[in-house]
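Encoded as structure tokens, the following chain is the form predicted alone, with no partner shown.
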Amino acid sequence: MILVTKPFLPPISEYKEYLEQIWDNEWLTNMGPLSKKLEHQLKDYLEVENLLFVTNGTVALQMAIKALDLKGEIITTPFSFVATISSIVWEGCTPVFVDIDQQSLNIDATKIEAAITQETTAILATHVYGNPCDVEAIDKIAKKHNLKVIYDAAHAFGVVVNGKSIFEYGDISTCSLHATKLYHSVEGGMVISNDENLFKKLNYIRNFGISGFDSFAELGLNGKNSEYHAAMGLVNLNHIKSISKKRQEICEYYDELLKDIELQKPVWHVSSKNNYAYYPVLFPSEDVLLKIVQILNENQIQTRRYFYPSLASSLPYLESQSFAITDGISKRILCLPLYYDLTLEDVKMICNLIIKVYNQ
């Protein structure tokens, strides 16, 4: 069976070294020495000043909304993972959808202003597949209308745009370190903010709002992570260069083998480089996609219609809405297998089966 994704697992001996430290320290959670070490190493690697290691990417989004004290409407995208929207609703706000750009598949910045009302307090945009949004345009709109900006950068680990980390944009950026991601700590997430006061508030929120042994500064939650997850994060960070190189090799082989058939890929931000978090392809029709899914399934090859269906039309706690571009894209997009252990022979077999459908 070829999976659509598979977690990278380092040599177990490297992880055991950190387990021995955990046993020696007898510190299992509550931001122990390994968690703090991971935060420092991530800040150095990503070249950001303020970063918190948290429970997961969803908690990161909830912390961001709470820290900014958002109410009312938040403009967002219907083409993302459900956590982007559920976090907005969970925090008592109303998601207002804007259709996506047909090239980047990110929220269409040219359509944001038309969705702004007196109730709008923020923009929450996703860097889909790690591809940066039009951050310059969004920043300009936010300043003009006095809105806050959160970026859901769940897929964007290591992405640089205009020469600086993608996490440097917006009031707050969040990231997922889930086991399925390019870089992971089994379960985990990150919250990043350039604003020192906002970052201090996020720090309080992560730990129940506690400001001292017997004092509280904020309403908070338990957003901390464990030493076991930090240990995996530390080990995997040592392998991130080889992970990225292998994934790039796989993606470029897909590109070469599929170059002669009719399909599209998201157009990447002109001032950024692909981090190879996913390999999404757009087929000419849903009919072609379904035929390809069928033949791949018959050959024990797993894919994922990521993201299908549109969040605007599929969530039971929201009124269903239709968006022409999002609806069309979501029906035609498919993420092909991509992970460190995937062989080039496997990629060739996948591509041959896809080409077979086109030749029928």
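Bear in mind the structure is a predicted one, so any value in this text is a computation, not a measurement. Note that residue numbering follows the sequence shown and begins at 1.
FYI, the form predicted in complex with a small molecule isn't displayed, but the following is about it.
J.: Identify which of 154, 192, 166, 75 has a heavy atom within 4.5 Å of the small molecule in the model of the complex; exactly one of them does.
T.: The residue from 154, 192, 166, 75 that makes the contact is 154.
J.: Considering non-hydrogen atoms and a 4.5 Å limit, does the small molecule approach residue 94 in the model of the complex?
T.: Residue-level check for residue 94: no, no contact with the small molecule.
J.: With the partner left out here, check for me: in the model of the complex, does some heavy atom of residue 302 sit within 4.5 Å of the small molecule?
T.: Judged by the heavy-atom cut-off of 4.5 Å, residue 302 is in contact with the small molecule in the model of the complex.
J.: Would residue 170 count as a contact of the small molecule in the model of the complex, using a 4.5 angstroms cut-off between non-hydrogen atoms?
T.: No - in the model of the complex, heavy atoms of residue 170 and the small molecule never come within 4.5 Å of each other.
J.: Given that the partner is absent here, does residue 181 sit within 4.5 Å of the small molecule in the model of the complex, heavy atoms only?
T.: Taking the distances in the model of the complex, the answer for residue 181 is yes, it comes within 4.5 Å of the small molecule.
J.: In the model of the complex, does every one of 53, 225 and 240 come within 4.5 Å of the small molecule, counting any heavy atom?
T.: Heavy-atom distance to the small molecule in the model of the complex: none of the three under 4.5 Å.
J.: Quick check for you: of 41-49, 326-334, 290-298, 58-66, which stretch puts a non-hydrogen atom within 4.5 Å of the small molecule in the model of the complex?
T.: Only one stretch qualifies here: 58-66.
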